[in-house]
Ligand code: ASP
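To begin, one chain is listed below as structure tokens, in the form predicted alone.
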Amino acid sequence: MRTVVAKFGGTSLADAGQIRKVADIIREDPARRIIVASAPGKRSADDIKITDLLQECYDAAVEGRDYEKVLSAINTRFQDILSELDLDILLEEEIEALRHHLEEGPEKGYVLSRGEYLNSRILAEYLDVTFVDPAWCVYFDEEGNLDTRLTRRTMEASLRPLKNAVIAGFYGADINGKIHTMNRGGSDVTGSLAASAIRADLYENWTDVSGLYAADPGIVDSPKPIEYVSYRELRTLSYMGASVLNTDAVLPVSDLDIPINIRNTNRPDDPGSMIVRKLPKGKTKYPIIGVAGRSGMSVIQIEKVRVSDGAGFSALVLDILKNRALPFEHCLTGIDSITLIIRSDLLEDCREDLLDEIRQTLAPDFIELMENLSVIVVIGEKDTESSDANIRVLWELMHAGIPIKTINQGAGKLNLLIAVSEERYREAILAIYKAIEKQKV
């Protein structure tokens, strides 16, 4: 029997009306056996997510401030959902348990997880299926790191015997029962782990957009939808700001070649985007499938003659960053240079100290810090060296008069990386999108 794991995000489950839509989608296909649910998201642009309200409660409790008004808002939000769905869940007991926890010394993981916990219980009750608390089967070590290997085993044991179930996303527990949460978007990871654990035929990720687009719709008017994209391409798009799926959610399912289908809860008839290892036969694969970018970046360029003659220079640069616990986004090397791309906010408190340490340790011939940059990646796995795709991209940028601060293409030919000034970012995206529209197979 075909099995689908379907994850529904916060906007998909924001209120009773949305939950009814989700229930209709689930019932429409009996293969949707395992459902992963998020906490209620925003009902409108000026609304507040339940997880953010829980964060406010936690912060207030830790700082000794009053949190009753916020806790009351959370209670009202869930009570409204229960009333509209005509469900009888003892919400007062759950809210009282949360209040007691806040009073006695709150743990952040427990507090932030209550949105997923309560919403998943509500959805399970409405569907009349089994509720699975991930505290039973999503394992973290005592340092708060997700144990994916053990989680897959325990998830398989918990989910396989069930005909239908709803499991809460975003959290799990360690061996002592302490609740730990994942990064924002962690419900995507829960869904991916569930799909891999039961060897699902498909992992559906339902959200508020009809899949991926070739560019940011906030910049490009009506960009092309992406019908198919590879796991590697999706990870790059997600990492660079295409926020429809948590980057880490790709790994568990890609190991088993389980396709991901990104769908729109409010437009369930739209096919969405399929994430696969290889494009199905008969489908057109263009050299470039999309463009994405991130602002708020800085570039440190270090030059020293014959830097590439030995590994010592590069190793010293990376050691300086490691000792400062300073992550970098990209490291580009040349014959006589090393270029580091780092988030600007990470440099705010150490900018001059870092540059001084590099000067004293490495005695470079030249060092420069460029700030207020945006990094753009042009993504596609088809062999770009056999096409004019990159040439078109660079021509469009030149034609638009946009200076390139740094540029690199990895050996894997997955993407072309370009840095431009933040003030020219939107223009650069628009220019590159013209190249996507003009490309040939």
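Because the structure is a prediction, the values reported are computed rather than measured. Throughout, we count residues from 1 along the sequence that is shown.
One more form of this protein should be noted, the form predicted in complex with the named molecule, which is absent from this view; the next part is about it.
Within 4.5 Å of the named molecule in the model of the complex, all of Ala39, Phe170 and Gly186 (non-hydrogen atom): Checked in the model of the complex: all three residues contact the named molecule.
Interface segment, criterion being heavy atoms within 4.5 Å of the named molecule in the model of the complex, picked from 371 to 379, 59 to 67, 31 to 39, 389 to 397: That would be 31 to 39.
Proximity of Thr51 to the named molecule in the model of the complex, heavy atoms at 4.5 Å: Yes, Thr51 sits close enough to the named molecule in the model of the complex that at least one of its heavy atoms falls within 4.5 Å.
Residues in 114 to 138 close to the named molecule in the model of the complex, defined by a heavy atom within 4.5 Å, in order: Counting only heavy atoms within 4.5 Å of the named molecule in the model of the complex, the single contacting residue of 114 to 138 is Glu116.
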